[in-house]
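First, one chain by itself in structure tokens, the form predicted alone.
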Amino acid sequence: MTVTLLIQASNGVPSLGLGRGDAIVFDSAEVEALSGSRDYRLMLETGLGTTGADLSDITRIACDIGPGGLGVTRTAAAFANALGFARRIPVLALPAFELLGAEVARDKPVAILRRAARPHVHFGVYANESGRGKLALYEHCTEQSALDQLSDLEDYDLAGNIEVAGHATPVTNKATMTCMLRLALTAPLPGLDARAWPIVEVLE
């Protein structure tokens, strides 16, 4: 069975996963020896060895493109792009706010706040539209502007790494590999030359 390679790093803690079919068979975050590692080659070799898979089994690569920690996000994208180029595999770019929204979304909108260069933040709202979840808003704005907009929402869940006074703490700042795999498998497969480009300030 073919293997999907998943790389997530924009929360500042790089992790690599392997999916076989619709199941996660390896997650570097669960391997103590790989905790905090930024050695994607080591993570990949460990994953392939653990699962009995081979590099040639990988047919899809999905990479978290942020916004978030710029250095780690760029490194993750560079590794994904290099492997995709070498193996002639397209790289599916998954915005971090879509991952976080899909991870947290239940029956209310998800507000997502991540730190950027002060006084700015990355701000998004993930909501159900026509029965399907999607990122309905994204802005690179001042923290005060984001908080002003949040005051207009009646109720919401919070994700990211910024707390909002009077609201429950953020649910998470990282999507599970299971959620990432689900989005990777349901997204349209990009063209052969598709590569991942980190989000610096705005979503394209």
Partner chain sequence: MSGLILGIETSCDDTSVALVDRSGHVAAIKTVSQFEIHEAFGGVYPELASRAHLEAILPTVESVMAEASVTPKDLTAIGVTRGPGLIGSLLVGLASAEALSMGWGVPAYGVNHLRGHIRSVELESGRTEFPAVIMLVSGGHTLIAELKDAWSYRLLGTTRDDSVGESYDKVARMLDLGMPGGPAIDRAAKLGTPVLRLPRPMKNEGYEFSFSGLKSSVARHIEQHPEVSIEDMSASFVAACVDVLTAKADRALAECKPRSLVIVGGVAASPQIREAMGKVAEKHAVELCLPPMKWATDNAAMIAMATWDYVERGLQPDLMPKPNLSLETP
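Because the structure is predicted, anything quoted here is derived from the model rather than measured. Residue numbers count along the first chain shown, from 1.
If you look for the form predicted together with its partner chain, you will not find it shown, but the lines that follow are about it.
Residue in contact with its partner chain in the predicted complex (any heavy atom within 4.5 Å), chosen from A102, L83, V125, L92: L83. In summary, among the residues E45, D148, D155, E163, the only one with a non-hydrogen atom within 4.5 Å of its partner chain in the predicted complex is E45. M1 falls outside the set of residues with a heavy atom inside 4.5 Å of its partner chain in the predicted complex.
The shortest heavy atom separation between L70 and its partner chain in the predicted complex is within 4.5 Å. Residue contact with its partner chain in the predicted complex: A116 places no heavy atom within 4.5 Å of it. Its partner chain in the predicted complex comes within 4.5 Å of no heavy atom belonging to A33.
Per the 4.5 Å heavy atom criterion, its partner chain in the predicted complex is contacted by stretch 47-55, the sole one of 174-182, 47-55, 23-31, 155-163.
Contact residues in stretch 59-78 (any heavy atom within 4.5 Å of its partner chain, taken in the predicted complex) are L70, R74, T75, A77, A78.
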